[in-house]
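Just one chain is shown here, as structure tokens, and it is the form predicted alone.
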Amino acid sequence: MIHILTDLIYAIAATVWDVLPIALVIFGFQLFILRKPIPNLKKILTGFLLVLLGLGFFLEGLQAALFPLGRLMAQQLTDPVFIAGDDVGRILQWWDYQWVYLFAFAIGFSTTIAEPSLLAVAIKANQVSAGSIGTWGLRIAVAIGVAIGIALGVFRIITGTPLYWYIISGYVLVLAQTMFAPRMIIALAYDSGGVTTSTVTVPLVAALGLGLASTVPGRNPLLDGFGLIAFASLFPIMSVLAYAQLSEWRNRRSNKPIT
């Protein structure tokens, strides 16, 4: 218990040190550039305190639970005894890891749905578009993109194929989609790739990638363990653009006059 409290105090202290430049910039511009008093100072200071405490608890929670849990799941799912069963001596192929792919898809989808930053963007997009962009529709489209991206990234780790093959091919596809996608969704789609790599998704995805690279034979955690977050950023752009293109196609079809 004392060890946990000590780590928590260090985490909060580190958070204060990291957030201090942000506070100095905001308060400095308000007081010395704009030369205006800070409105609702008590409320703002209370909010800063809550942010510092929340980040401190969150960072300590990552170290105590999420990172170890991600590595543990990767180790268990790639255990030859679990994969091969009685035939434990044979050489494993990429198709033997189907449970790993399913877990990667599920964890990508669920963490994205729970991502607070995505929820905030989806609510704002719904408000600005006067309801034409559905909150749940956008969240599910982004979550599907992240799920597919992480599952494909796990496949890359298991097979050992170069990362740039996937990233270059993905951005070529994104550029092609951008040329034909509705203009109102393009900027939102590109932003959707950024908001997915935030507080909930990144810790579990990073732990999963490093855990897989540490347990799959022939893989190096430094060379192969990273890159899943790039997949989680790229594929939501594709899925949101595809969602908009599909919606536009369905609207055109429903409004097509009967001949």
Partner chain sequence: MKSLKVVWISLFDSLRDLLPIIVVIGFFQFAVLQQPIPNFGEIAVGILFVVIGLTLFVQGLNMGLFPIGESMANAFASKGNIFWLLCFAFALGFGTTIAEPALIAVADEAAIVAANGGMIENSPPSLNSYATGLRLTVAISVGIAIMIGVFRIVMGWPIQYLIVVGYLGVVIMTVFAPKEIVGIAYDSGGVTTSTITVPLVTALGVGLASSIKGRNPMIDGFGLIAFASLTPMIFVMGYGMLV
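Numbering follows the first chain given and starts at 1. Between two forms, the rigid core is the largest collection of C-alphas that superpose within 1.5 Å. Please read all numbers here as calculations on a predicted model, not as lab measurements.
Below, we turn to the form predicted together with its partner chain, even though it does not appear here.
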Spell out, yes or no, whether the shortest heavy atom distance between residue 197 and its partner chain in the model of the complex is within 4.5 Å. yes
Can you work out whether residue 253 and its partner chain are in contact in the model of the complex, taking contact to mean some heavy atom pair no more than 4.5 Å apart? no
Taking its partner chain as it sits in the model of the complex, is residue 92 in contact with it (heavy atom to heavy atom, 4.5 Å or less)? no
Determine whether any heavy atom of residue 160 comes within 4.5 Å of a heavy atom of its partner chain in the model of the complex, and answer yes or no. no
Establish whether a shift of 2 Å or more occurs at the C-alpha of residue 189 between the shown form and the other one, with the two forms superposed on the rigid core. no
Does the C-alpha of residue 12 move 2 Å or more between the shown form and the other one once the rigid core is lined up? yes
Residue 209 and residue 62: do their C-alpha atoms lie closer or farther in the model of the complex than in the form you see, with a change of 3 Å or more? farther
Thinking of the 3 angstroms or more shift, are the C-alphas of residue 66 and residue 163 brought closer or pushed farther apart in the model of the complex than in this view? farther
